[in-house]
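Next up: just one chain, as structure tokens, the form predicted alone.
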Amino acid sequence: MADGADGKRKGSRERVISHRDALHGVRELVLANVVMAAEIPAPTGSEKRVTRFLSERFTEAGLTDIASDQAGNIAGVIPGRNRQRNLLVAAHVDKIWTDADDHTVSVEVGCMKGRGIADNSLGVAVLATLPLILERLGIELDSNLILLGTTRSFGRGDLAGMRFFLENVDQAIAGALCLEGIELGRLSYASPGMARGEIRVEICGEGEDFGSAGAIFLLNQILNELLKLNEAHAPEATILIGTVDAESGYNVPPLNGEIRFEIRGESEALVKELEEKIGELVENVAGQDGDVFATLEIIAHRKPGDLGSDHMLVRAAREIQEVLGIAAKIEPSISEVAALLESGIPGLTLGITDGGSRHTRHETVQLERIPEGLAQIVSVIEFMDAELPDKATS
């Protein structure tokens, strides 16, 4: 897309549109793979069933070098004409839901609903279908295309699957693309600094000193201080409160509780500073009463990274979205693209379709615009294959 000749640019635009029109014919196959992937439980750390599903699809498609690694990732390769150059397309396979949760998918007019269908069963399904999509379009790449299903993305997983792959892959990766189910138009090419933590409080004894609120009294103290820290450091840093949990019922004051939170900041130093302040806060809570135990555990980190809005890959992705009538939604990401940027690999995260209710049992993907989402993915892969240098520059 990003070329200087008007004729070539016009041809590229026509090619993107033709991809979209042709890909209406593979939507049903994608949807079948979505249902199969979505109905397989894949909690973080227990993804073997869904990686087996991907392995079977890769085998059916005739991929080479299909293998799993010590992190549980599954990979297969579509060989290119130039066997020395490699591109990567990845989708994380884990979900936030447990084996015990209902993973049934419901198909309604214009949409599909189910736990994890947007994050990230649709991404997994597109990864599984990508060999057929390229075959249907008659696309043969110069580069090898590595298809990778990554494990242990969420929570304590801390992108362990992608990190392991990048630390151990023996081929240079010229460029990479990460697939997420939603939202169409999502374009992530930067990652903020991040620290994810859990604060736990426990009251020994009966908790008489804390009245009818028990551990909630302590959790409330901590929350108020976290909100003050957040206000004091905005907008350069943000403290996001994800979960507050006190294990009790209606009429028994809880004796323990937990706060899960995430710090996001423009710099690694600022994130570290807030980590230390929260650590001091927790120590103060633990020190106010001999019957109180309070601990802080940091379970995940990200380093800041930014490919830059002027990078040729970013510019090309935005042009492709414009041709397809997709409104760009530029946002930083702490998902797999963060690990790519840390490793110096130019990469993007793209969303496949519209949807909503993420991380609820009503998680939804809209069906109508999936062809546009697929066309942008194919077109970005073609750009990386034809235009992205091995040592990519902006």
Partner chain sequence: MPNYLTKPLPDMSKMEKRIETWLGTNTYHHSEFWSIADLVKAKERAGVSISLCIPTLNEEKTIGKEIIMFKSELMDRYPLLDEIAVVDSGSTDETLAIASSFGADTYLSGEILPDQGFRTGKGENLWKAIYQLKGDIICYVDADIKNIHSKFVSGLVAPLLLRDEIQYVKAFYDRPLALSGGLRPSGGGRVTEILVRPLFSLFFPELTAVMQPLSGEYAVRREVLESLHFPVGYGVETSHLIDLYVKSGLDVFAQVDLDRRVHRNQTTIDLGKMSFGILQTFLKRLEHNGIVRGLPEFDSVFRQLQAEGKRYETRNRVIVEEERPPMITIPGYRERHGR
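For clarity, every value in this text was computed on a predicted model and none was experimentally measured. Positions refer to the first chain, counted from 1.
There is also a form predicted together with the partner chain; it is not shown, and the following applies to it.
- Each of E39, R57 and E60 places at least one heavy atom within 4.5 Å of the partner chain in the predicted bound form.
- Site annotation in the predicted bound form: the residue of R318, K303, R136, R260 reaching within 4.5 Å of the partner chain with a heavy atom is R136.
- Among L367, I334, I345, I66, the residue placing a heavy atom within 4.5 Å of the partner chain in the predicted bound form is L367.
- Note on the interface: of 337-345, 42-50, 23-31, 357-365, the segment with non-hydrogen atoms within 4.5 angstroms of the partner chain in the predicted bound form is 23-31.
- Taking the partner from elsewhere, V109 is found to have a heavy atom lying within 4.5 Å of the partner chain in the predicted bound form.
- In the predicted bound form, the partner chain sits beyond 4.5 Å of every heavy atom of T98.
- Remark: L132 counts among the residues lining the partner chain in the predicted bound form, judged by a heavy atom distance of 4.5 Å or less.
- Looking at T104, you'd find a heavy atom of it within 4.5 angstroms of the partner chain in the predicted bound form.
- Along 71-93, not one residue places a heavy atom within 4.5 Å of the partner chain in the predicted bound form.
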